[in-house]
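Read the single chain below, which is given as structure tokens and is the form predicted alone.
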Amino acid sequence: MTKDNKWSLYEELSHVEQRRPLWETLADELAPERVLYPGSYVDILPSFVFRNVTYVDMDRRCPAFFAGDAVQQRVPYSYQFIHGDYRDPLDIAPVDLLLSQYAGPISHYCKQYVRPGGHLLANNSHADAGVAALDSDWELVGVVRGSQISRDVEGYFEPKPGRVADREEMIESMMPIGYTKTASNYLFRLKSTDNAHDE
């Protein structure tokens, strides 16, 4: 794959550009020094906003993309790529912000890398926001609409009638349930890691 083709692999993912305003809001409000993005695929956009990002993905195309000159010459901030499964142990320093976007129960497997008081941003595409909401180590502190974060979290994660929120089932199936009130993303704060990585 040529240098230009490596970069075009990213440019084909036009939907990631839509997240830039949200990343900028998180940078402004949380000022994270270290960010962990498991299941990132080739979404390098956070490194245009956050100064130190670790990406983790097992797709075979990712190592060449992240190592390519086309990426290294354009990305303004420091980044690290780990080629592997985020469910396996990662040799990284504690992070301030964990990103979970369309990649499974990241809040469960990766909260051990988040410093106390650090944050998780998760959508519920693969049930991860629902998993975090049932984890006593995480506290819901914000909901996202557009690129803005609202601190009014009352009423979220109440299952629709007839639905049951089972954390272990959601971790295993990665299938979300229906809730009476939803948002595009949810912001959690890590209270404790005493029970981190229970399996």
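Numbers for residues come from their place in the sequence shown, where the first is 1. Values in this document were obtained by computation on a predicted structure and should not be read as measured data.
Separately, the form predicted together with a small molecule exists; it is not shown, and the next lines address it.
- None of 66 to 74, 50 to 58, 150 to 158, 163 to 171 except one has non-hydrogen atoms within 4.5 angstroms of the small molecule in the predicted bound form; the exception is 50 to 58.
- Candidate site formed by N124, G142 and Y179: none of these residues places a non-hydrogen atom within 4.5 angstroms of the small molecule in the predicted bound form.
- Interface residue remark: G39 is counted as part of the site for the small molecule in the predicted bound form, having a heavy atom within 4.5 Å.
- Although the partner is absent here, L187 lies well away from the small molecule in the predicted bound form, with no heavy atom inside 4.5 Å.
- Within 4.5 Å of any heavy atom of the small molecule in the predicted bound form lies no heavy atom of P94.
- Residue contact with the small molecule in the predicted bound form: Y79 places no heavy atom within 4.5 Å of it.
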